[in-house]
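In structure tokens, the next block holds one chain alone, the form predicted on its own.
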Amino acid sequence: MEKYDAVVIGGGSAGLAALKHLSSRGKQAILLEAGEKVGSKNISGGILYSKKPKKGRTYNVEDIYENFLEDAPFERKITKYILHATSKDKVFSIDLTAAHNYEANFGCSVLMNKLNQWFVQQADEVAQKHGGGVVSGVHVSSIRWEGERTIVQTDELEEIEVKAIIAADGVNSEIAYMTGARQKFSPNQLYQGVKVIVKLPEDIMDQRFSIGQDEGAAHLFAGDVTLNHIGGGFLYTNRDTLSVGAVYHLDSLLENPSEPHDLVNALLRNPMISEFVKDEVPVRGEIDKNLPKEEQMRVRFAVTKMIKTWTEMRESYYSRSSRERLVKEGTYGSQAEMEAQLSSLRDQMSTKFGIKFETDYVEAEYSAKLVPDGKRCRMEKPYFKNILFVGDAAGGGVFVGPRIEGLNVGIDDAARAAEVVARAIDKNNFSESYLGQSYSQSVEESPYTHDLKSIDKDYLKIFLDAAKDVPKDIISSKYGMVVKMMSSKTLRSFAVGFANILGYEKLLPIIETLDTYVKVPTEIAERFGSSVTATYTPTIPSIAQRVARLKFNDDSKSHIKVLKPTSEFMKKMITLCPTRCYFMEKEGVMIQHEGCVECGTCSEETDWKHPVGEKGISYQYG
């Protein structure tokens, strides 16, 4: 039996940070990841922050990966952060960049497949020096204790004996379920997030969003685009793609079911967003049906090849670094030559093959996941025996109005868990009273935990200052006195102190309502917003087309079993499943698991597991 100091379960950003940090302390650790390759099952909105809190310290990504800013393949540093209230074609915008920068070293947009592949190279290199490493394509099926021995069993490998376990297996943590460390999170503790990746050339993005080559923008949306749900939309600039998505309270969706792809479609049809994502798109002409079959086939292949060549050349031309590299390598004599060849190819496509160039948008990937709301579901005891839970598995995540942070919280958890495990190995003490409680105390000391418990009056002031132009009469009388107190410099400290005495538990039912996320933003936009005119109508793929583009390695055996086929919850899953895996047959709900993206939306009333190693969804972007 293989023996290790520790095993990390889950190859997301939190799990990889735990492996890297623990290995850097000279411990022998192994990471097990169910995906075919690390990063293939991870998605995020997503912005990764590095924080500098006024009190306490956080473990930031650059603390774990010392060369992160120089070498890591993050997308763009976010330098603009804007909140938009929408009503049909009207938009009212509030610049929240100061709130985004509050206590932050930086925040950068990321795509998880690319970034986690870089993380794993860094972590695996250190782990291998100490006899550990990363093993992908492995699904943990059970954990048992035999005296002082802890045995980890998988579907693919021989049993492994370890001294401690760090569980980083996500919001639907099987490790938590199988050990009884916690119950499944309930709908009121969760958000459902759904996202599409939209392609847009780099230089065009810079011009459209008024950003420099190394700058990025984040846009948040509330109002009528929410389709009457509690939550909102987002659009983040990546290097040469956009992340466009919607994040809504799961209980709000259960109360008023809407298909997840419709929530994204509502964003894409908003005039402001459709103008943000638009691009020049080649459209194939009709092939002459009188031509011989062989000739029709030849033309079809030629058109496909030409469109691919034009797309790749155009992407390179609209990227300054790619243009300079291709000229330096001698592929083109100059940028002018590159431009001339691109123009010539475009003319040839039009004249010879009848290809038209129209305004539309280019969607590359569709994805979905559940997100824990740390204010509601953070584990009070993030441990069980010698298992420590980190990130989404522990219910981490800071969601306070427009402040949305998850990746950095998971990395902070992971570093704290690694520190505690390293000390436990040195002391050979893996009891709950030492290992578990030491970790729990460390998490309690984290500034993120403090943020989940109380309102920060300095952050609130920045937000209220940004929203000073919003008339107070637009806010219902129920909140009027509260807003007046919060807006007053004299009364704010008293008001915040009183609010913190009440606590989030009593405040959230008042704050997170349809008034806050839908009615008030819609009225603000209607009364004070500026009109935006769309220059085209986006051609939005159907859900069937979106699923068809995804990469699956299907397993003949379903990883999900329906437990209550006639329940109201499962009937709503027919609508709320992001890829329409559920359908009604006679009186019961059935599942067709092959198109599952493993989001876990249905997990409350199913026997839900991750697929066995290398099976299931593999994202290209994440």
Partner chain sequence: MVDPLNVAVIVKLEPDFSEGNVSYNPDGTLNRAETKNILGPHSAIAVTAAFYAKVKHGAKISIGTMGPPTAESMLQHAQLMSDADELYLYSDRAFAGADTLATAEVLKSGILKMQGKMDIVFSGHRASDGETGQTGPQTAWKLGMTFFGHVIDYEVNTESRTIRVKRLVRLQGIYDVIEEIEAPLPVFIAIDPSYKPKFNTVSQRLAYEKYQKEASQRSQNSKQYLKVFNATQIEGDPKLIGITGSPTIVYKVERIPKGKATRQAEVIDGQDREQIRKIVARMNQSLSTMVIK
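Positions refer to the first chain, counted from 1. Remember, it's a predicted structure, so these values are computed and weren't measured experimentally.
What comes next is about the form predicted in complex with its partner chain, which is not displayed.
Asks: Mind telling me which stretch in 237-245, 408-416, 70-78, 153-161 gets its heavy atoms within 4.5 Å of its partner chain in the predicted complex?
Replies: Comparing against its partner chain in the predicted complex, the contact stretch is 153-161.
Asks: Scan 223, 374, 132, 170 and let me know which has any heavy atom within 4.5 Å of its partner chain in the predicted complex.
Replies: By the 4.5 Å criterion, the partner-contacting residue is 132.
Asks: Tell me, out of 300, 519, 403, 551, which residue has a non-hydrogen atom within 4.5 angstroms of its partner chain in the predicted complex.
Replies: Comparing distances to its partner chain in the predicted complex, the residue within 4.5 Å is 300.
Asks: What I'd like checked is whether 125, 136 and 308 together line its partner chain in the predicted complex, meaning each has a non-hydrogen atom within 4.5 Å of it.
Replies: Yes, because 125, 136 and 308 each have a heavy atom that approaches its partner chain to within 4.5 Å in the predicted complex.
Asks: So in the predicted complex, does residue 577 come within 4.5 Å of its partner chain, heavy atom to heavy atom?
Replies: Residue 577: no, not in contact with its partner chain in the predicted complex.
Asks: For residue 465, is any heavy atom within 4.5 Å of its partner chain in the predicted complex, or not?
Replies: Looking in the predicted complex, residue contacts with its partner chain do not include residue 465, since no heavy atom lies within 4.5 Å.
Asks: Residue 295: heavy atom within 4.5 Å of its partner chain in the predicted complex?
Replies: Output for residue 295 is yes: heavy atoms within 4.5 Å of its partner chain.
Asks: In the predicted complex, does residue 597 have a heavy atom within 4.5 Å of its partner chain?
Replies: No, residue 597 stays farther than 4.5 Å from its partner chain in the predicted complex.
Asks: Scan 1-38 and note down the residues that get a heavy atom within 4.5 Å of its partner chain in the predicted complex; none is a fine answer too.
Replies: The stretch touches the partner through 2, 4, 30.
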